[in-house]
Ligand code: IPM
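Heads up, the chain below is alone and in the form predicted on its own; it's given as structure tokens.
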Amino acid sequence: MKKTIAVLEGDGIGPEIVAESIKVLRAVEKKFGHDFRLDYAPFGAEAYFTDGSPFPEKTIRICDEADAIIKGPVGLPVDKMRRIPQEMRPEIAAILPLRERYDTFANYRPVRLPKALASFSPLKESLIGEGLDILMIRELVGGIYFGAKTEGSATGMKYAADDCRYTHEQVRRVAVVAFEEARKRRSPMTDIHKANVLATSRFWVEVVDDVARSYPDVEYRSMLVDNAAFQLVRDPTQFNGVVLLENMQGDILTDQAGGVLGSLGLMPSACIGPEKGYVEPAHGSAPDIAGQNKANPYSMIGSVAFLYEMCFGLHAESEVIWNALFTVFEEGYRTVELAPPDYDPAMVLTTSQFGDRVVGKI
């Protein structure tokens, strides 16, 4: 396979963990005989200072011409972020426009923790049971994040408002993705919402219920988001399978799932649209540890596994990466944030050492 990939290293630990993911990408590329051209481009808060925009025109051109995109986390220390006008901060002027431009409506976030690695979780090992294997699918281009935002005053009272809006097609298409994944995995599908309060959630449930009728072979249930947050820490294995979430609720619950795993460094993701997708870690740029070679690159490497699978349809290549990642951990190696205080220092890997170990397994 011959493809072009745009590489957006991002800010903070972004360049470090992206570098390790590229090591892995190249190892798999060589093993399977593919040919990938990588085009690097600025993106994020630092790009605002160097190029005048967190999503510069030259980056847009590179992304437009690429077959897929690898994106690192974005964001700088608070003092530097305060120097960026609100409307030009990367969350508003880079991430949301990237999603909107390529209509990456389906966000895949796997929550995987084998029984052998249950000690990673802050939960009791008995709650991890035989292991976690949850695929969270979050709608990514609708809802309150993309709705109209207003600030003003009326009758002397200041106010602000965010419009939460979904169309039938926006809900239907992501529901189809979730049910198809559940059918493929032969697993249950849980729909998360707040239909007891929100009109958009009631509408969401109506559409998802309608889609469910086309999937009689898929075990389907519906759950309020506050109960889901409680259940996720009380009995996480009940969610093994596929979980469907709207945009903001998905943003929150997928981070909570990272807490259940023990680290957001264990949360890769893929953002897939009708014609193009990008992959990224679910966590932020961690500027406090940037340049120290101690960030966990698992989430970025796992995102490259998703690149092979979700963007290029190369399932064997993806599986090779997942197997390598888990093998490194199962051999007893840990990254800094996963190692207890009394852990053998020889078994605690730096960012680059972890990448090298994964490449070695490949």
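Just count from 1 along the sequence shown to find any residue number. Worth saying up front: this structure is predicted, and the values here are computed from it rather than measured.
Missing here is the form predicted in complex with this ligand; even so, the following discussion is about that form.
With the partner omitted here, the stretch from 202-210, 123-131, 88-96, 171-179 that lies within 4.5 Å of this ligand by heavy atoms in the predicted bound form is 88-96. Shown without its partner, this chain lists A282, V242, L245, V279 as candidates; in the predicted bound form, only A282 has a non-hydrogen atom within 4.5 angstroms of this ligand. Put simply, of Y108, Y145, Y166, Y102 only one has a heavy atom within 4.5 Å of this ligand in the predicted bound form, and it is Y145. This ligand is not drawn, but in the predicted bound form it has a heavy atom within 4.5 Å of D251.
In the predicted bound form, R138 is the single residue of 117-140 with at least one heavy atom within 4.5 Å of this ligand.
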